[in-house]
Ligand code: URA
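A single chain, nothing else alongside it, follows as structure tokens in the form predicted alone.
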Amino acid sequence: MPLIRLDRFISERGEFTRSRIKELAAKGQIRVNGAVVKKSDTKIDPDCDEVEVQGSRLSAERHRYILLNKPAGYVSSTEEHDGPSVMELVPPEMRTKNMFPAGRLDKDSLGALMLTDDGELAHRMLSPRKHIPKIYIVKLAHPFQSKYVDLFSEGITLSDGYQCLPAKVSSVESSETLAFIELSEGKYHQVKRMFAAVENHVEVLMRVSVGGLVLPEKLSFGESMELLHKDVENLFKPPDFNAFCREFSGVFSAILINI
């Protein structure tokens, strides 16, 4: 790869402006391959050189991918319209200035939310042609009924007349009011509206999988982790729904039971 300016490399991988990078360099707070570099216009090889800013090493990858376990009360936006933004939960050293939520979760919903500065990947994720399935676990106000399996597979009709795509649902053995649901689309409040259409009510909703990217059990609410490219590719390798329910039923039901 051709050599590029140090300030460009840093600005593409963080929230620092070019002027701030120049200041940090002058103060000796930027290192390249372990040596202090005081000129921000120094040329580097982004594939080979190791860059540190204020003691933190920057990834050679231009784009960053963050998985957040979203708690309730935060909006899936870069702006604070109806409450604090999920961006506030991502540590500063993990953020970039162009990072945004790739998809959304309602303010009161929980679970897996991807954040990135890779617009091309976000487009692939959100494109209707891709139909990346997402799996949720819900706590219902009334017991799950076996008839839901057929009703959801046929495509639920919402109160406004919208015909949903076929969806998969499964009860959770440990609780009569917990259920998994897999969707391949994401209309406004869709999961809640689908259960409302069968005369039930979603009290808690948590997204536990986006494609083949499963929310790690050890990632607590409000915590985030950086993803590797191999993890990101799992987005497009969705799991078998029934196998997923069997494997993760105990893990995620325990979380919802305690909420």
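We number the residues from 1 along the sequence you see. It should be emphasised that the depicted structure is a prediction, and the values quoted were computed from it without experimental measurement.
Omitted here: the form predicted in complex with this ligand. The next part is about that form.
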Checklist line | Selected contact from Met114, Leu105, Ile156, Leu178, since only one has a non-hydrogen atom within 4.5 angstroms of this ligand in the predicted bound form | finding: Leu105
Next item on the list: Sort through Leu67, Leu213, Leu205, Ile30 and report the residue having a heavy atom within 4.5 Å of this ligand in the predicted bound form.
Entry: Leu205
Note to self: Quick check on His189: any heavy atom within 4.5 Å of this ligand in the predicted bound form?
What the structure shows: yes
Item checked: Non-hydrogen atom contact Phe144 with this ligand in the predicted bound form at 4.5 angstroms -> no
Notebook entry, point to check: Just to confirm, Tyr148 within 4.5 Å of this ligand in the predicted bound form by heavy atoms?
Noted result: no
Note to self: At 4.5 Å between heavy atoms, is Thr96 in contact with this ligand in the predicted bound form?
What the structure shows: no
Checklist line | Listed range touching this ligand, judged in the predicted bound form by heavy atoms within 4.5 Å, from 190-198, 22-30, 225-233, 40-48 | finding: 190-198
